[in-house]
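Single chain ahead, written as structure tokens, the form predicted on its own.
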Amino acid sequence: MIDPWASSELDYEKLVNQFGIKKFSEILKKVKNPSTLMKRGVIFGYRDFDKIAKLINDKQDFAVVTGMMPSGKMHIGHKMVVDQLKWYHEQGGYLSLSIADMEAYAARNISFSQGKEIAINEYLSNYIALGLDLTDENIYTYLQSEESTLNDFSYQLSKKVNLADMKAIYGFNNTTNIAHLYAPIIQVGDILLPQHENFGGPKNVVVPVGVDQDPHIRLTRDIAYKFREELGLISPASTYHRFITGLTGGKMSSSQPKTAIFLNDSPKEAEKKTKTAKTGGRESLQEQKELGGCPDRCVIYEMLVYHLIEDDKKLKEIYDECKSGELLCGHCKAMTAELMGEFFENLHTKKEESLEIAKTIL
């Protein structure tokens, strides 16, 4: 069972096999101009994305849904979600961005006023600074608690799910509060909202998520299928991305500060943290030169893959030089830290303006 509210180690291969997620590599060639994250295997799985790929290739309408729970700070790993949204927007997708303040209240005890403040100061400001234009007419950003259509729609959708379903999917028990029990239904409403008549009616929707959010996708697909005749709903497609490894190994998490580089860190802090990251180096310098490094197990190399190097040829050179022992960890780490510092310098120059824009969104 996957817990969407708890950080844990994930076996991607096992999850693909257990829950019927298909490998994205099998469909990559069908996507015109795939994103960098798709080409590099960071996006590793999908459900029904073949339908979305065809719509993209044929320049047809489709919607993209994502959500942000305002309960903590954004870290560098969250950038990959924004990168995906930017790519979909460039392909002509309509973006529906939910601020999950109701979920934050139910699962994290975050008040609605506090949730709104965090959403503006932490999430929306960073989304804008990272290059997503939230003022665009094809991007709709809303608070769950303030979207009346969402709440009426979620209540209607809840008719097709029972307590046994919720226990089986999420492991809820007799101590689970009712607000937490209802939070996933609100997420179902979020995902299906672009198909509501107030938003243009039934259409194909894709949800880019980490695999820990797959329980919400499975629940939504099941409910959409049950409403296919009554409301004409189409089961949403989804893609699944890998999580960037934390600085100490394991998953990067906002709740574990030592694992993360936060987007509100100063450039110097970001550089310093990068230099502490776990590498794929050998036990000794001599062994590194003789046997080469292990970039596939290196947090530093992951940072380059996910965020810092756009040029695929340059990235391959780094990979090959590491594997051969020509590129040593100290030099690679220093180079990556410098790139990270430059990225944060650029990000921070945009933050003041992006915060002012963010305040006008909600």
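Numbering starts at 1 and runs along the sequence shown. If you're wondering where the values come from, they're calculated on a predicted model, not measured in any experiment.
Omitted from view is the form predicted in complex with a small molecule, to which the following refers.
213 is the sole member of 204, 121, 91, 213 with a non-hydrogen atom within 4.5 Å of the small molecule in the predicted complex. For the options 237, 128, 85, 209, the one in contact with the small molecule in the predicted complex, meaning a heavy atom within 4.5 Å, is 209.
Although the partner is absent here, residue 157 is not a contact residue: none of its heavy atoms lies within 4.5 angstroms of the small molecule in the predicted complex. Of the heavy atoms in residue 252, none are within 4.5 Å of the small molecule in the predicted complex. In the predicted complex, the small molecule lies within 4.5 Å of some heavy atom of residue 68. By the criterion of a heavy atom within 4.5 Å, residue 144 is counted among the residues contacting the small molecule in the predicted complex.
Contact with the small molecule in the predicted complex, defined as any heavy atom within 4.5 Å, is confined among 261-269, 183-191, 159-167, 242-250 to 183-191.
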